[in-house]
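One chain is shown next in C-alpha cells, namely the form predicted alone.
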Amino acid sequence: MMNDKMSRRTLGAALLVGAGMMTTGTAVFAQDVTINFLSAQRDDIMQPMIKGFEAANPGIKVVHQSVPFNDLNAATESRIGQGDTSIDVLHADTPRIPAFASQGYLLNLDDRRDVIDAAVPNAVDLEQVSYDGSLYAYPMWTSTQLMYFNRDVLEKAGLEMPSGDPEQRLTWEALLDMARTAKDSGIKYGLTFQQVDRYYQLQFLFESNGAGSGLTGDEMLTPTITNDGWIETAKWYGDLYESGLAPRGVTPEQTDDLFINGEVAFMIAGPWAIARYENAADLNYGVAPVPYFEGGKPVTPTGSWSVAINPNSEKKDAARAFAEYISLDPEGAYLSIKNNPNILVNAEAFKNYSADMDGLTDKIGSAIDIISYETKNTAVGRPRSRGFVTFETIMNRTFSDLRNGTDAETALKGAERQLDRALGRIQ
C-alpha cells in the first residue's frame, strides 16, 4: 500500500504499488499476434495496461488507435458496421451498448458470464454492459463527480471552505452566491463544468431539479425535454454563461487548465481530474460533494467505459485475453487507472484504488468517502436506450447552443422535434 500522505507528483506511481495484485499467466501463441485497440483515450492513459499485458503475454502486441471522443461513435459504426476486421478490441461507453449491440457491433460474451460475475459482483455494473439479457462488454470503470474548489481563491474572497460531508452538501443556489463573491474578488470565473455541453455531466442537473432524464417510454425512445423542469434548468445553465460566471469558448479538453491556472473558483469534474491536479505544483485545492437544487434531490452521474470485442475480429482469442486482463485481472484493472484514476468495478482492484485515494485525505479532503457515498446513494445512469447515441448527439449540440446564448425554450423545442424524427425511425 502507499503511504498515508501523498506528494503532489506521486499519485501516478502510487497507483502501481497497491498490495495484493495478482499476476496473470502467460498466453502462448504459435506465432506473434498483433491486435488493434480503438478508444477515445489518450495514449498515456492506455500505455500502462498495454505494457503490463504485453509483459505477461509476450506473444501478443497491442496497438492503440485513439480517436476524439466525438468521433468514436462514427468510427465504430462506419468500420465495424461494414465488417472491418482491423479493429479487434474497442472501448465502449456503457450507455452506447444497447445501440451497438442491437446493430451487431459487439461480440456476445454470455459464455464468459461466470468469470465476469466473479470479478465484478455489483449487479448495477453488469447491467451497464448488458442488452436484452446478454452481456456485450467487460466492465472496467464506473464514475461519479466531485466539486473541486481552490482554497486560496476562497480564502482571498473571505469564503468558508465547503464541507466534505454529503449530508452537508451545498445547494446550487448557495454555490452560485459563493461563485459570484469569488468572481467579485478578482478571479476570472466563478464556476465551470469539466465536460461542458456533454450530456454525461449535465444530466444530473435536470434530474436533481425533478425534470427527468429526457427520455421515457418502454424502450426509452420518447423524448421529453420541453417540460417545465427541463426549460427551467436549461435557462439556468445558459444564464451561467450569459452572466460571465462560467466561461464560453472553451472545450472539455481545456477546462482543467482553467482550474489549474487559478482562473476559476469551483470546478465540477470526475475523480480522474485528481491525476492532473496533483501534478500542478501551485494548486491548493479541496473536494466536496456536488450541489443539488433547493427543493430537489442530490443526484450524481455514473457509468463509464467498458471494453468490448469486435465480432468481425480474426484474432478473437488474443482480443479476449487482452480484454479480460484489463478488466477482470486485478493487476491489469489496476494498471488501467495508473494515469487516470477512474473508479474501478473490479472488486479486488478497487481495494487498492480506495487505499490510494484515502492517502490524499489530509490534503484535499476525503474524496474516497464522497465517491463511496455517491456511487451507493445518489448515482443515476444515462438512459438505457437503443437510441442513446442519437439522443446524446442532438443534446450535446443543444447544450452548446444554450451556452452560446440560444433561448432555452427555443433550443429545447427544436431539439425535441429533431429527436421525434430521429428516434421515430428506430422504434
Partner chain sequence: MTQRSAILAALAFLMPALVSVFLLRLWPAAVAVNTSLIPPGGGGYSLENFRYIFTDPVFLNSLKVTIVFLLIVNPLQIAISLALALLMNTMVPLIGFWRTVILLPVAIPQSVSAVVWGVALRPDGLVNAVLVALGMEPQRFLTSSDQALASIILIVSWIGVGYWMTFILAGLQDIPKSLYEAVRIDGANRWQQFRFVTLPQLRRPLTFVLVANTVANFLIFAPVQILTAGGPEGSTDLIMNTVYTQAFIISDPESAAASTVVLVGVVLLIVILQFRLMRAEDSNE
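Between two forms, the rigid core is defined as the largest C-alpha subset superposing within 1.5 Å. Numbering follows the first chain given and starts at 1. Because the structure is a prediction, the values reported are computed rather than measured.
What comes next is about the form predicted in complex with the partner chain, which does not appear here.
Residue heavy atoms within 4.5 Å of the partner chain in the predicted bound form occur in exactly one stretch of 388 to 396, 34 to 42, 367 to 375, 50 to 58, and that stretch is 388 to 396. The three residues Thr85, Asp88 and Ala347 each lack any heavy atom within 4.5 Å of the partner chain in the predicted bound form.
The partner chain in the predicted bound form is approached by Leu258, whose closest heavy atom lies within 4.5 angstroms of it.
Of the heavy atoms in Val250, some are within 4.5 Å of the partner chain in the predicted bound form.
With a 4.5 Å cutoff on heavy atoms, Asn73 counts as touching the partner chain in the predicted bound form. Although the partner is absent here, Asp239 lies well away from the partner chain in the predicted bound form, with no heavy atom inside 4.5 Å.
Though the partner chain is absent from this view, in the predicted bound form it lies within 4.5 Å of a heavy atom of just one residue from Lys188, Arg276, Arg151, Arg112, which is Lys188.
Out of the listed residues Ser243, Ser163, Gln254, Ser134, Gln254 is the one that sits within 4.5 Å of the partner chain in the predicted bound form by at least one heavy atom. Contacts to the partner chain in the predicted bound form (heavy atom within 4.5 Å) from stretch 410 to 424: Gln418, Arg421, Ala422.
Positional change of Gln82 between the shown form and the other one reaches 2 Å or more at the C-alpha, relative to the superposed core.
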